[in-house]
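Shown next as structure tokens: one chain only, the form predicted on its own.
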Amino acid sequence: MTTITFPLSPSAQKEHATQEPAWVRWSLIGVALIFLTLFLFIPLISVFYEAFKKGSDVYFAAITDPDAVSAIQLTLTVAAIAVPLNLVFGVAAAWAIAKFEFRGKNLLITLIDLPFSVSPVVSGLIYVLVFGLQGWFGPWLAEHDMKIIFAVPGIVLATVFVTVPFIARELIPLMQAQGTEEEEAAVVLGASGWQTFYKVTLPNIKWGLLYGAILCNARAMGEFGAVSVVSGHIRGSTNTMPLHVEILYNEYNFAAAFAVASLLALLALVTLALKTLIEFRNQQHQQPRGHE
């Protein structure tokens, strides 16, 4: 008697391939939870504990100190400039790479990834070499009374450099997966380039665009290495929040240092919440298409 076996469906094959003993699954989950507890949850809780250790009066005095307020304002200002610039560049670069074929395309992709492979300190030194007093354009800038290094423009340039890949890298695979059929159909129907982007491309990439902008904003506000090199650490003038935390900690003003650090941690938690919300909304947005 011959036994006839039927091949499993793809979903059944996937379920069978990932079916492990219960002890394996729980061991992996336990290892992940222990790792997150030791290296994420405990340090994060410690920041808020140390910030409020000496009472709320000390905490609010630290974050309302003029130097702290200046650092907060500068951090928000730099992020408000860097994120829109990267937004424009990211959309343009992603559109060019995903929708067109041209010579040097791979080089452009490599250049976009460059900030991921270059140390932020090195990127800061590059700007000092170019715009510093002894740099390539330093004498010309000095003659025209223009200051970039040890000033806000240098901080913005360094922040833009380290945050360049976030939006572009989020949009490139998304646009490549969507293809060019919808844009081509819009052009055939008489839509202009701007109308095609606004009514066809933008609605398809809006969740990825928001996701990339949030990650870019988080990195911009938390950047330390590149900003440290070009800022000069001028208190009340070119200190961002991470730099202000370092100065306070080096002065053994631990309560104030952790108070400002708690604001950065809070911004990180808000960013995580927004990221989770956008992922949830994106899944809801894509779900009806999967059932059609």
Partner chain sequence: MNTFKQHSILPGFNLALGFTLLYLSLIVLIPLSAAFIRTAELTWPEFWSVVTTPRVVASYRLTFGASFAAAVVNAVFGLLVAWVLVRYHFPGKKIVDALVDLPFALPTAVAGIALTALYAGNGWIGQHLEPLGIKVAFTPLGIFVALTFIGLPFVVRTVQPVLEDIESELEEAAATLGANRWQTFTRIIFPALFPALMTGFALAFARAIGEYGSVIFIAGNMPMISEITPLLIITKLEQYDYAGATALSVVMLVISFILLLIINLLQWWSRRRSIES
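Numbering follows the first chain given and starts at 1. Bear in mind the structure is a predicted one, so any value in this text is a computation, not a measurement. Basically, rigid core = biggest C-alpha set you can superpose within 1.5 Å across the two forms.
What follows is about the form predicted together with its partner chain, which we do not show.
> Counting non-hydrogen atoms within 4.5 angstroms of its partner chain in the predicted complex, say which of Val69, Ala61, Leu44, Ile234 makes the cut.
Selected residue: Leu44.
> Taking its partner chain as it sits in the predicted complex, is Pro173 in contact with it (heavy atom to heavy atom, 4.5 Å or less)?
Residue-level check for Pro173: no, no contact with its partner chain.
> Should Phe52 be counted as a contact of its partner chain in the predicted complex, where contact means heavy atoms within 4.5 Å?
No, no contact at 4.5 Å.
> Can you check whether Lys275 is within 4.5 Å of its partner chain in the predicted complex, heavy atom basis?
Because a heavy atom of Lys275 falls inside 4.5 Å of its partner chain in the predicted complex, the answer is yes.
> Taking its partner chain as it sits in the predicted complex, is Pro153 in contact with it (heavy atom to heavy atom, 4.5 Å or less)?
Output for Pro153 is no: heavy atoms all beyond 4.5 Å of its partner chain.
> Could you list the residues in 82-102 that come within 4.5 Å of its partner chain in the predicted complex, counting only heavy atoms and keeping sequence order?
Heavy-atom contacts within 4.5 Å come from Leu85, Asn86, Val88, Phe89, Ala92, Ala93, Trp95, Ala96, Lys99, Phe100, Glu101, Phe102.
> Tell me, please, whether between the shown form and the other one the C-alpha of Trp26 is shifted by 2 Å or more, with the rigid core used for superposition.
Indeed, Trp26 is displaced by 2 Å or more.
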